[in-house]
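Here's a solo chain for you in structure tokens, the form predicted on its own.
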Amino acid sequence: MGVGFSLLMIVLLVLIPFLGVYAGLEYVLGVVFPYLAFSIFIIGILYRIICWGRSPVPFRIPTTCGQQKSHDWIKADPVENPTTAFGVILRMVKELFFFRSLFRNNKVKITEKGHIAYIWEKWLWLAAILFHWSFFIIIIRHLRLFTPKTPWLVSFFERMDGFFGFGMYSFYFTDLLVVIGLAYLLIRRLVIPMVRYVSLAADYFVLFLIMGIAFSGILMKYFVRADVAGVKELAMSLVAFKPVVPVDIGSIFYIHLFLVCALLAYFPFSKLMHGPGLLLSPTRNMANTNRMKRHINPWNYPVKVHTYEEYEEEFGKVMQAAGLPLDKQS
């Protein structure tokens, strides 16, 4: 049900720009939708971050897996169980760039003898690394469309990524890696029963949407050539807020652009926010100093309490008549 619905939504998203080009709506597809999608993207992310930042965190709740700092003769893990800001930074760097938590993933299995066995499981981590890093490099490569002169960092990534050359054209290795990563993530959701059971239509929709962006970009790069000069002219005019829509760029470009706009607009309201959310997660960004410092809840306010002494003073005679022991004997 979720797979079919998600595929149908992607087909509809592809048909909108395809029919829009034939209807002469290039300006709407090339100017209005990108500005609208980018505005939703920025405002939505800021809104989510503000909401997360206003959420109270009354206790230190870091999720750790290493030895906590205690006695000097017990070796502690300063990164997996950090007690300093520097340790937290190192832990976050490992999480953001190398997916530390995912790398520690193991599969639990009950053997025939009834014993618990932990099996090495790194394929999900590898697929996530391939997808995220390839997608990041592809985004960096696209920055050349928005500047008059290609920045040196973009040129560096292009040379490293496109070392396979075929005549005048170069083959970007990340184009293949991002498809492999996406394919594994999709097959995993379809094949593994437990993962398929918890998968929703929104999970498949994001995968199919990014796949649509990747395949349309690959088609435009290697098979159905678009007017690159016209694409760069449009991109630079959008950045300068003086939009100009060149003619005959190609319908494949508008399909690719519309899918990117859909991803940008959907991003702040989806599970894709796990990236920015990781930076604000108290289970990750807090040092584990529960034994070193007493944590005082900053939201505490004076509360009038009824102490036991006052309670006994008020109900002492009734308690004494009932045979209950009293701290203060009358």
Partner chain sequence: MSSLPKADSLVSKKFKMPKKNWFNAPFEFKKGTYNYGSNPKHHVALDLPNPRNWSPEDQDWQLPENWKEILLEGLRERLDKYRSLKIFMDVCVRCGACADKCHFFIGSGDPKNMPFLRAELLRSIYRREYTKAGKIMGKLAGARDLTEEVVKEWFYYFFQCTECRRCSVFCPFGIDTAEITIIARELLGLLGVNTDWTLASVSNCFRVGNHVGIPPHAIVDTIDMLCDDIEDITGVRVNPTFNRKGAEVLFIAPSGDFFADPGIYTFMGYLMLFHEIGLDYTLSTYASEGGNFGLFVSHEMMKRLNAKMYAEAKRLGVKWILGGECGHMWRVVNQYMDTMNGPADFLEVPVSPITGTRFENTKSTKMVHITEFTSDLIKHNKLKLDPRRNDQYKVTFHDSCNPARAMGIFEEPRYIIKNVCRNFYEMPENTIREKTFCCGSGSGLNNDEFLEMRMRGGFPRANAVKYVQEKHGVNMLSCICALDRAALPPLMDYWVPGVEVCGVHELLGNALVMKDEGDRVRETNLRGEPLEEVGGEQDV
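Numbering follows the first chain given and starts at 1. Only the largest set of C-alpha atoms that superpose within 1.5 Å between the two forms is called the rigid core. Please read all numbers here as calculations on a predicted model, not as lab measurements.
Below, we refer to the form predicted together with its partner chain, which is not included among the displayed structures.
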key: its partner chain contact in the predicted bound form: residue 66, any heavy atom under 4.5 Å   = yes
ask   = Quick one: is residue 8 in contact with its partner chain in the predicted bound form, heavy atoms, 4.5 Å cut-off?
value = no
4.5 Å heavy atom contact, residue 22 to its partner chain in the predicted bound form = no
request  = Evaluate residue 175 for contact with its partner chain in the predicted bound form, applying a 4.5 angstroms cut-off between non-hydrogen atoms, and reply yes or no.
outcome  = no
request  = Considering its partner chain in the predicted bound form, find the one stretch among 175 to 183, 253 to 261, 103 to 111, 209 to 217 with heavy atoms no farther than 4.5 Å from it.
outcome  = 103 to 111
Contact set, 278 to 292 vs its partner chain in the predicted bound form - heavy atom within 4.5 angstroms = 278, 280, 281, 282, 283, 284, 288, 290, 291, 292
query = By the 2 angstroms cut-off, has the C-alpha of residue 298 moved between the shown form and the other one once the rigid core is superposed?
reply = yes
task = Superpose on the rigid core, then tell me if the C-alpha of residue 308 is displaced by 2 angstroms or more between the shown form and the other one.
result = yes
inquiry  = Rigid core aligned, does the Cα position of residue 148 differ by 2 Å or more between the shown form and the other one?
reply    = no
